[in-house]
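One chain is shown next in structure tokens, namely the form predicted alone.
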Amino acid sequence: MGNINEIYDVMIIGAGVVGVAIARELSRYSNRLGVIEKEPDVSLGASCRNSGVIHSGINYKPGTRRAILGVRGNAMMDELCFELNVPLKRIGKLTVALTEEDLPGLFRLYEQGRANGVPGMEMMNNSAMRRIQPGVDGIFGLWTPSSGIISPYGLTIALAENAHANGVDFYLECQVESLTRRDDGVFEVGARDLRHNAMRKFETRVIINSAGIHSDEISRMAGIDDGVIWACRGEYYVLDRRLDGTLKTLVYPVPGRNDPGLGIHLTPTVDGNILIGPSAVYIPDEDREDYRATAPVMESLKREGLRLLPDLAASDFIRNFAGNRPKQTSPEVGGNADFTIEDTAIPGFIRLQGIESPGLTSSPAIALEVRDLVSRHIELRSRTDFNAANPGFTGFFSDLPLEARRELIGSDPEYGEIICRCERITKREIRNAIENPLGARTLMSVKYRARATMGRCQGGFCLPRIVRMLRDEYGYEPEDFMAKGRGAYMFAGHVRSRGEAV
């Protein structure tokens, strides 16, 4: 393959929550680590396009990796989120039997939860459920207090930036195109630098395939043809923060045994919004990265939202989005397969496929399992200077006590200038997001780090101010402004001459 640009002990392909959790865990060791991601930021696939639920473990067959790693990962989340300063709310979940026909499924979940070691479960009648969530329907329910909510992209970004602070190299906008294992057991990786349209070449002793929806394609590059991924789209509506506090807990229906998901439900978020969804519809292979929200599903979600929350106004539906699950079961089979996390027949090639729900919950536990697999191929050399804290992030300004906000404004006047009115985000927070340590350069990167454009006006007030800031203070030209990535450009040029541009 010619000259090698970089030499690594371990190279991770894919910077979703699982890939970066592995990167952070391996950064506890002094081996050289790299992460390749084809998108211009971490967490732009399924890791930012889900409900953000920390699952208890009741939905998974005992003895499977989904069950074992889901329960283990759930138990690890409090310490992990404390270290990374990521909000986690243990609001619990009610899985509700609406009719007599749902009861066998509900009792099956209870027995699975017992077998999986889910803590604190309790079966409840309707009056007991209503003490937790006023107005909830159903004849019986299963309460799991260990369930919670988190910002999925917030966790992914925090994991990645902490891994980077501990020495992991990130190659964003870098798409793997070839994998070759030499006779000496070293892999050569060819990847296209999408920003500069040039090839980069890497050498590594271990490859971890954590490419999510594209993991089967990466495996085929390495010569592994088994294990097909089917994309299954889940669509959501996002409701305005006016409704914050309406839901005290998660409320789910009892899923069917062969359902591809857990059913449409209302999910509160850590930021105060409510999500309606997700749907679960298989999509063609060529549409794996088609994240469009479709009119028929949106109408269905709106009807469901109005049924569950009759006082909703049309203005409460502020946006929608979709995410595609990497399923290992075909549309004909349905249901869910177990996670694939394994050493393969190709020494040094570790494969992760079909990491759908509860992948977010399981991510820290998956990282430990993959660490043990890596140790079979190379010596992991412990280091004493690992820093578990998320560098530079102390929380959102508007969430701080009044006196702390006054002190920050006194030390930096940019904390006193509001850029995003809906979410009360300051200019300093926007600047910190723009200057993120990973070098991500999209408006989505600013949105996920600073919460800007997430409010009722969806960027109507703050987006022009962020654009002006990027142009005037960071030298952005029109072609530099990307909403999400290559192909999603925001501007074609200036309406007026450069000197007169607004």
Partner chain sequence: MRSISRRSVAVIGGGPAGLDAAIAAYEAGALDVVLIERDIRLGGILNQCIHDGFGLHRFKEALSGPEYASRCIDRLTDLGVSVMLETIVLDLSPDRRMLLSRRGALFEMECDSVVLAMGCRERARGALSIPGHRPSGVYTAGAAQNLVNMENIMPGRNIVILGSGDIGLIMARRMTLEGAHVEAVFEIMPYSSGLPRNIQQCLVDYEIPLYLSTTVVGITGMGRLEGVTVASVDENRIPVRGTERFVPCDTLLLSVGLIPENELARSAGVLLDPVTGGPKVDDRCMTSVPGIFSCGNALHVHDLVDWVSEEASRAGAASAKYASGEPGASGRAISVVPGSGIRYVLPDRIGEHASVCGDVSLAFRVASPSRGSVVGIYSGGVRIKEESHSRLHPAEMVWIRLGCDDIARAYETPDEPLEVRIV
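Numbering follows the first chain given and starts at 1. Because the structure is predicted, anything quoted here is derived from the model rather than measured.
The same protein has a further form, the form predicted together with its partner chain, not shown here; the description that follows concerns it.
Although the partner is absent here, E100 is not a contact residue: none of its heavy atoms lies within 4.5 angstroms of its partner chain in the predicted complex. Among heavy atoms of G475, none comes within 4.5 Å of its partner chain in the predicted complex. Contact check for T340: no non-hydrogen atom falls within 4.5 Å of its partner chain in the predicted complex. Although the partner is absent here, A198 is not a contact residue: none of its heavy atoms lies within 4.5 angstroms of its partner chain in the predicted complex. With its partner chain left out of view, the stretch that reaches within 4.5 Å of it through heavy atoms in the predicted complex is, among 434 to 442, 29 to 37, 452 to 460, 66 to 74, 452 to 460. Between its partner chain and the residues T329, Q175, N166, N320, the one pair within 4.5 Å by heavy atoms in the predicted complex involves N320. Three-residue candidate spot I409, A483 and R486; every residue lies within 4.5 angstroms of its partner chain in the predicted complex by at least one non-hydrogen atom.
Contact annotation for 292 to 306: residues with any non-hydrogen atom within 4.5 angstroms of its partner chain in the predicted complex are R292, A293, T294, A295, M298, K302, listed in sequence order.
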